[in-house]
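Before any questions on how it binds or moves, here is one chain, the form predicted alone, in structure tokens.
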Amino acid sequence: MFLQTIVDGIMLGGLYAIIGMGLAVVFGTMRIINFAHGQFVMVGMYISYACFQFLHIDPYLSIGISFVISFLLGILVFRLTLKPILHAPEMNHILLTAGLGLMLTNLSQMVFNTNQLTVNLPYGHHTIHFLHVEVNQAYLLSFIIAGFVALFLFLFMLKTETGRSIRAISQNSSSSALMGIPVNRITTLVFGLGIAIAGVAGTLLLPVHYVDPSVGDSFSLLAFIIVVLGGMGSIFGAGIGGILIGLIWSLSSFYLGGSYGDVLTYIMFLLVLLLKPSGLFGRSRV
């Protein structure tokens, strides 16, 4: 059963990791703590739910739709709300994004009511057996796609000119501007990319998790813990942080009971803040 618990934790952690990566991208480049991040994950879940319910599109096939809509939504939100206060104190960013989160929650209540919604996929309850381990097919699909999204993000950051510009801005935006990097355009792109990743995370969660207007609250807190745990602004650290939290949840649920998952996660969060405030993987850079 230990191996089964570890596999369950890694599967869960993979989905948590992709949630944290979206927030890490934005914070690492722009130093904006987006407290509406979980609500954007919720938006991604509702986009895929609407595609499934009204257009009969499998959630996994709606990833592209969720990515594009979330990306455009992110750019719109950034230009209308965050860009005018980009150089204001951090508290302004926190209050504004918290307000955005409340607005998105209330809008979703108006459109979808407060009911918990799920999608009933034909393969949603199928399991795959391998070496005495059972893996839910939907969880496995979500985990594999999350891995590809993370790989795409790493390659984008490392191999493309835009990725190199993003990393330069994360080091020093003033020097980047002097070197001819279009800082305003890149920061807009980064925020849109972070929200698009949040939307894709929502799509990957939908086959294995319910959606309701309040579900984003827990995802916002979770993403923040993952980013702090892995290293503020580190995409790799967010990936490892997500896996660690998934393992903590799975092991504590099996050996101690489900309610201990939250307690142990918060204890680890506090220990990291006290002993290594920059996170397990060090510097606050992308």
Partner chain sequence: MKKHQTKLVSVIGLAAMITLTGCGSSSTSSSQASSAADKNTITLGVITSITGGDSEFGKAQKEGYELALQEINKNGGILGKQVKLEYLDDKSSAQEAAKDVDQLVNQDHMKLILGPYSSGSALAVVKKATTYKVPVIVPTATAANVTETGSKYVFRLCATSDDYAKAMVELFKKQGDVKTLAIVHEDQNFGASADKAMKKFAQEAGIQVVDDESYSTKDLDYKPLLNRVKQKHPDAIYFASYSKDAVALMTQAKEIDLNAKYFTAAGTGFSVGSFPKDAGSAADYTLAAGQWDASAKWKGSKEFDQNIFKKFGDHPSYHDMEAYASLYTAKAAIEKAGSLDSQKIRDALASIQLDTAFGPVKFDDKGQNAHPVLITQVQNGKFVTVYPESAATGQLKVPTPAWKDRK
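Just so you know, these numbers come straight off a predicted model, no measurement behind them. Positions refer to the first chain, counted from 1.
Beyond the structure shown, there is the form predicted together with the partner chain, which is absent from this document and is the topic of what follows.
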Are Asn115, Val208 and Met232 jointly within 4.5 Å of the partner chain in the model of the complex, each by at least one heavy atom?
yes
Between the options Leu155, Leu76, Leu131, Met91, which residue brings a heavy atom to within 4.5 Å of the partner chain in the model of the complex?
Met91
The one option of Ser174, Gln171, Thr160, Asn106 with any heavy atom within 4.5 Å of the partner chain in the model of the complex is Asn106
Mark Asp58 yes when one of its heavy atoms lies within 4.5 Å of a heavy atom of the partner chain in the model of the complex, and no otherwise.
no
Would Tyr255 show up as a contact with the partner chain in the model of the complex if we use heavy atoms at 4.5 Å?
yes
With a cut-off of 4.5 Å between heavy atoms, is Asn136 one of the residues that contacts the partner chain in the model of the complex?
yes
Test of understanding: in the model of the complex, would Phe224 fall inside 4.5 Å of the partner chain by heavy atoms?
yes
Residue stretch of 215-223, 237-245, 50-58, 63-71 approaching the partner chain in the model of the complex, non-hydrogen atom distance within 4.5 Å:
215-223
Those residues of 1-31 which, in the model of the complex, come within 4.5 Å of the partner chain by heavy atom
Met1, Gln4, Asp8, Leu12, Tyr16, Phe27
